[in-house]
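Just the one chain here, the form predicted alone, laid out as structure tokens.
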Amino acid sequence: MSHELGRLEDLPKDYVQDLRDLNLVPLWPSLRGVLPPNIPNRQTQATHWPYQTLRPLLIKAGELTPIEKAERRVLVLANPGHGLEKMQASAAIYLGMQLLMPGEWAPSHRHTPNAVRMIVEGEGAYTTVDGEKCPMSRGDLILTPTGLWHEHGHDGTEPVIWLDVLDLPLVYYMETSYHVNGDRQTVVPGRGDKQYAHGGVVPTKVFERSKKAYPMLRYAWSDAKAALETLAADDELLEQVQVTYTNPETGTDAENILGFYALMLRPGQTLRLPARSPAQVFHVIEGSVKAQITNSNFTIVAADTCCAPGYEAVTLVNLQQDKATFLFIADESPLHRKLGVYENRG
């Protein structure tokens, strides 16, 4: 039996026009496009955004556009496979580098997409999320989940820059993306990163269940790095030294669409990550690494970011022979698992 399908041009033009007049489309000419054999069609390309070339342009944006005119001063890390105008790094991931200058305040708003901030450079800034003031330091991860009010302020003396990671492409595709502006928040006492700082030991009130869907909003890099180093020292044979950012009350992913992780590469280590269905983003917190993604080889150093499509293995080589390298990873795994399409092809 032939598997060749009929083409649109094989159909009479008047028949095709009759279909279009009724908002109808024949499936068979496009069937292999939407259901290809064995592996999906992917627009996401392996892409590298070097921080040292990006940073001067972001600082220039700070000179050209005051925060009052920008609200959020961001350069989007767009994947060319999706088209720059779509402003997405993968099918479900948006990336942006955001700048806040000393004395600036980015006003309070809330929106439907989930967001996180991975702090790249600087001290003295903070994000207030749902009344909780979260200080920003290099390598910290701060959540701004769907629907929560958040704003950014800066009491320091030098520029502060962070990497935004949102599930905006998915939420926009679903026609559910919008924002609401709000008033400056009143800071409330208590911080989740203090209450839930120690794994395995949580406030007793957890058994009554907090009313907060996201009890922990700031994940300090000092804690995550210590966890990785302890994990590596405890098991010298462990190949993939990695931790997952989770909700401390439920043990589930920190947010419900994208997954977030910290990875440690031992000195000189080569690590092959298996081909899995979700696309991945890699951001170097400390050190330098060679990333082999499809037919591309990137040297990514501290503050650099790169993207890998799904269904492709990724090989990471620590270029430091005497020191560990640490990476932040974001991927689409929680979404894929919820949809039942998650695959690990090894």
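Residue numbers here begin at 1 and follow the sequence given. Note that the structure is a prediction, hence the values are computed from the model and not measured.
Form predicted in complex with ligand GTQ: not shown, discussed below.
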item: Partner contact for residue 117 in the predicted bound form: ligand GTQ, 4.5 angstroms, heavy atom; value: yes
item: Residue contact check: residue 276 to ligand GTQ in the predicted bound form, 4.5 Å heavy atom; value: no
item: Heavy atom of residue 94 within 4.5 Å of ligand GTQ in the predicted bound form; value: yes
item: Ligand GTQ contact at residue 166 in the predicted bound form, heavy atom, 4.5 Å; value: yes
item: Option touching ligand GTQ, based on a heavy atom within 4.5 Å in the predicted bound form, out of 138, 111, 191, 266; value: 111
item: Listed residue (228, 74, 202, 220) with a non-hydrogen atom within 4.5 angstroms of ligand GTQ in the predicted bound form; value: 74
item: Heavy atom contact within 4.5 Å of ligand GTQ in the predicted bound form, the stretch among 118 to 126, 147 to 155, 243 to 251, 192 to 200; value: 147 to 155
